[in-house]
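Shown here is one chain on its own, the form predicted on its own, set out as structure tokens.
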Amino acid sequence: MIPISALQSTAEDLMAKAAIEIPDDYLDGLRGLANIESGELSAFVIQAMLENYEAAKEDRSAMCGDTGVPRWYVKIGNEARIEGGPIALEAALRRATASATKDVPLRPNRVHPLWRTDHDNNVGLNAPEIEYSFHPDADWIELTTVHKGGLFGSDYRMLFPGDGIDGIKRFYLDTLIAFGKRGLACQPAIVGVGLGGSKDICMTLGKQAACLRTVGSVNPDPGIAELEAELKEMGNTIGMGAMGFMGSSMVVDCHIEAGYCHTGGMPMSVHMFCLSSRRACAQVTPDGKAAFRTDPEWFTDYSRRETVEWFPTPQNLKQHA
């Protein structure tokens, strides 16, 4: 039985880590871009941000004044048992969000869309978002918090099978150029691309690809991995660098996640994480101990499984003969 107190205290620690400590994989990717950035203003911005990250760690304060909109990703082992059940877990995550908003502190960004009601704690209707996944043969729970910018940095388009790879590239470039010219994202950033699914799943996959995969990771499908590398290179050759200034450092990495879709369409979403790539993860075991890390390991062979074991009936076999 995993103690609810351990889950809440771990969640509170994660909120602080995500706001203050930028993951090493992202920092390494950003430093790599800094070494080859030729645009004067773009290079200046990257260097300033790298220095800001170090100052935040030393001062133990949030590295950006806009701490985004905190959200949770929860992976539950099939054998895990939670003290108080899933309702208690959700309550603990909401309490941890409110506590961290006061203690880190985080900027209270969440308000009612119409009445602008602000509880001053980043908690409200459907906030923070909590997404779940499951894992076989495990008795732990993994908590991941992501502090993602909450205004812009995402787009969607319904493509069609005839658009093909060229259509994917065109929408990708259109989106990045619009983000840079209109100030709709803080780059350099990890770009996530969702392909397929229904519209909501397409958007979810793209956001997860941006927020839950580490720099340097590749999709296990060789064809998708090749497209990821090509899109990353393309994104850095459109003449834009940090914060939309002239340069060649738009994309720290590009990740693609796919889902089966309707035969007549090819939905696509594009998401840019943030120049402040804020994520933190911990695995909590039944003894209440937490092991912290920065790689959420959200996408696994199990989560990417394509089909289901099933046994055709004689009627099925006859129809497909």
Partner chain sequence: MVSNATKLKTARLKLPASTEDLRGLEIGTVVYLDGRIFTAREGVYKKAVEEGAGMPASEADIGNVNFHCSPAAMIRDDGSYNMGSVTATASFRFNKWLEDWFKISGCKIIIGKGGMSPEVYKEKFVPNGAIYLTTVGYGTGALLGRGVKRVVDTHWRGELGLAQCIWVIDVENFGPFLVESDLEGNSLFERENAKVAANIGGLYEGLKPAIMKRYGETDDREEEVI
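Positions refer to the first chain, counted from 1. Remember, predicted model here, so these are calculated numbers, not experimental data.
The protein also exists as the form predicted in complex with its partner chain; that form is not presented, and the subsequent description refers to it.
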{"query": "Distance check, residue 102 to its partner chain in the predicted bound form, heavy atom within 4.5 Å", "finding": "yes"}
{"query": "Touches its partner chain in the predicted bound form: residue 155 (any heavy atom, 4.5 Å)", "finding": "yes"}
{"query": "Any non-hydrogen atom of residue 160 within 4.5 angstroms of its partner chain in the predicted bound form", "finding": "yes"}
{"query": "Heavy atom of residue 183 within 4.5 Å of its partner chain in the predicted bound form", "finding": "yes"}
{"query": "Its partner chain: the contacting residue among 79, 129, 90, 174 in the predicted bound form [heavy atom, 4.5 Å]", "finding": "174"}
{"query": "Among the candidates 290, 261, 34, 56, the residue which, in the predicted bound form, approaches its partner chain to within 4.5 Å (heavy atoms)", "finding": "56"}
{"query": "Interface stretch in the predicted bound form with its partner chain - options 71-79, 162-170, 189-197, 206-214, non-hydrogen atom within 4.5 Å", "finding": "162-170"}
{"query": "In the predicted bound form: members of 30-48 within 4.5 Å of its partner chain, any heavy atom", "finding": "40, 41, 44, 45, 47, 48"}
{"query": "Sense of the change in Cα distance from residue 182 to residue 267 in the predicted bound form - at least 3 Å versus the shown form", "finding": "farther"}
{"query": "Shift in CA distance, residue 182 and residue 36, in the predicted bound form relative to the form shown here, given it is 3 Å or more", "finding": "closer"}
